[in-house]
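This document starts with one chain, in the form predicted on its own, laid out as structure tokens.
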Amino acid sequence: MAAKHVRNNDSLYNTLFFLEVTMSKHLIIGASSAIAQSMIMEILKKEHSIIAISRSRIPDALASSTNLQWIQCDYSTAGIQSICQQLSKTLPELNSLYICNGILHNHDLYPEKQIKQFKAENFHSVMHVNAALPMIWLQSITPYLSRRQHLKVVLFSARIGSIGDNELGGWHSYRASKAALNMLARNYAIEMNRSHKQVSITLFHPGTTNTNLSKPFQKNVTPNKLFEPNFVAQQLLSIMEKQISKDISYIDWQGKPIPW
């Protein structure tokens, strides 16, 4: 069976079907990123089931994949809520949830090296994508989770979001957005520990990865510190296979803890 590709509208959602497999089930949000696509390919090798959500269409390289359902979403609150409602029968069966969304720069904004470069409108854009959107997803998914469900939730954070590890300054909006994500995730973990005790939260720093996100900043990165997406994907999946914590962790690509 080839990958099922669905757009975010009611008429097409009426035709949604869910892959019935006995293997693990994974939900990957922000699936068009290089790391996410590498994760998808690694998971599919094990014949596990994946639901992938992205703004963009399914890549040609994945279009014929079995056990993959690709859903397009506009990432509006209404769109997110609609998708979660349509996936209501599958969400309680998930083994893992990966939220890979993030923004560092685009044609309108760039990391600020000095406070004089700070712009409120850019700050709001970065904060929305990096901190608010992951929480909207969690807010919309949580009502459909089983209270006895063993679920591993991974949010893509960054070491630069650490307040204790900040010795260089700069990159104000990006740092603030990842620090905010960390705090929001910690709040979520505390709340889930009261009602869904088998849910664990991992904030993951992938390191500097050879993607469009990092390309403008790679010249000062030593070759052994610039990772390919498939390496990061393998590291993360390996860490999550061994992860047993039922609380929250903030770790790097080696699985080592990062100061909050």
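Each residue number is its position in the shown sequence, starting from 1. Here the structure is a predicted model, which is why all the values come from computation and not from measurement.
If you look for the form predicted together with a small molecule, you will not find it shown, but the lines that follow are about it.
208 is the sole member of 65, 235, 208, 193 with a non-hydrogen atom within 4.5 Å of the small molecule in the predicted complex.
Of the candidate stretches 138 to 146, 153 to 161, 111 to 119, 89 to 97, only 153 to 161 has residues with heavy atoms within 4.5 Å of the small molecule in the predicted complex. The small molecule is not shown here, and in the predicted complex it never comes within 4.5 Å of any heavy atom of residue 200.
When the small molecule is considered in the predicted complex, residue 34 lines it closely, a heavy atom lying within 4.5 Å. Contact between residue 133 and the small molecule in the predicted complex is found at the 4.5 Å heavy atom cutoff. Contact annotation: residue 188 falls outside 4.5 Å of the small molecule in the predicted complex, judged by heavy atom distances.
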